[in-house]
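Given as structure tokens, the chain that follows is alone and in the form predicted on its own.
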Amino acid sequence: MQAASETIELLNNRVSVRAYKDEDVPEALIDQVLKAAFRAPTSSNIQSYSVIMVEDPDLRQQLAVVTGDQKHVVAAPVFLAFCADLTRIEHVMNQRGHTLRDNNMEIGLVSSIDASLVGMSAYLAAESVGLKGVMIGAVRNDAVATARILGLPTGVYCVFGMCLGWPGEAPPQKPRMDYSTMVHYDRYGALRDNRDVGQSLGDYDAALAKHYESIGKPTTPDSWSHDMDKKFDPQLRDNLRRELKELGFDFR
């Protein structure tokens, strides 16, 4: 059975868009998108997130530097910072003689997931009205610098940013890994397809290399495997645990 759904269609056709028309997005529309996104699931109703609409060009420029000079951070009509935010929980606990000081990994993880659920919901809501965008995880390249730029108090950190706008040029869609090797049944490793991980990744390397070659992007025959090895050796954002602890998230 093939279900017909606008949401499924949106996700099946989703691409990250970094080029936008020189056309404003009404703030009222972003309000509408975010109000819908705030209905996303939240663990135990803690709602431990905040969103910052970054409009000041100077702040955008500073964020672009942190993110490795991603020009769309400055150029996009809309830039949203999705933050894990413990301040409201801390406020009510302080009123009752308690504190979140030296919080453990659970609350940091839950608040990060909360912010991520809201962010993806906002992304889908934006796409449903014709906006396109891209997530900006590189705000975590220097979590402390991002917090300084955005004026974040202790107990708040920016999980990721999001550029949005009316799409200019949309790139062709990247292939994804084979569904049958990513969905397990009852226990990990119980697949409907008997191919091993090496064979599956080899096929994906070839498909991704073909995609990159079609758009003129330099690549290697082992495209995805090569990129992942290069990305995670040495470890990515190795200072992040220390930076988040400085911002009030212990993750111990």
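The first residue of the shown sequence is 1; numbering continues from there. Treat the numbers as computed from the prediction; the structure is a model and nothing was measured.
Heads up, the form predicted together with a small molecule isn't pictured, but that's what we're talking about next.
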Does the small molecule get within 4.5 angstroms of any non-hydrogen atom of Val74 in the model of the complex?
-> no
If you check in the model of the complex, is Arg242 within 4.5 Å of the small molecule, heavy atoms only?
-> no
State yes or no: in the model of the complex, is some non-hydrogen atom of Ile107 no more than 4.5 angstroms from a non-hydrogen atom of the small molecule?
-> no
Report yes if any heavy atom of His98 sits within 4.5 Å of a heavy atom of the small molecule in the model of the complex; otherwise report no.
-> no
Thinking of Ser16, Ala138 and Arg176 as the candidate spot, does the small molecule come within 4.5 Å of a heavy atom on all of them in the model of the complex?
-> yes
In the model of the complex, which of the listed residues (Ile113, Val144, Leu124, Val134) lies with a heavy atom within 4.5 Å of the small molecule?
-> Val134
The small molecule in the model of the complex has a heavy atom of only one listed residue within 4.5 Å, and of Gln70, Gln47, Ser223, Gln62 that residue is Gln70
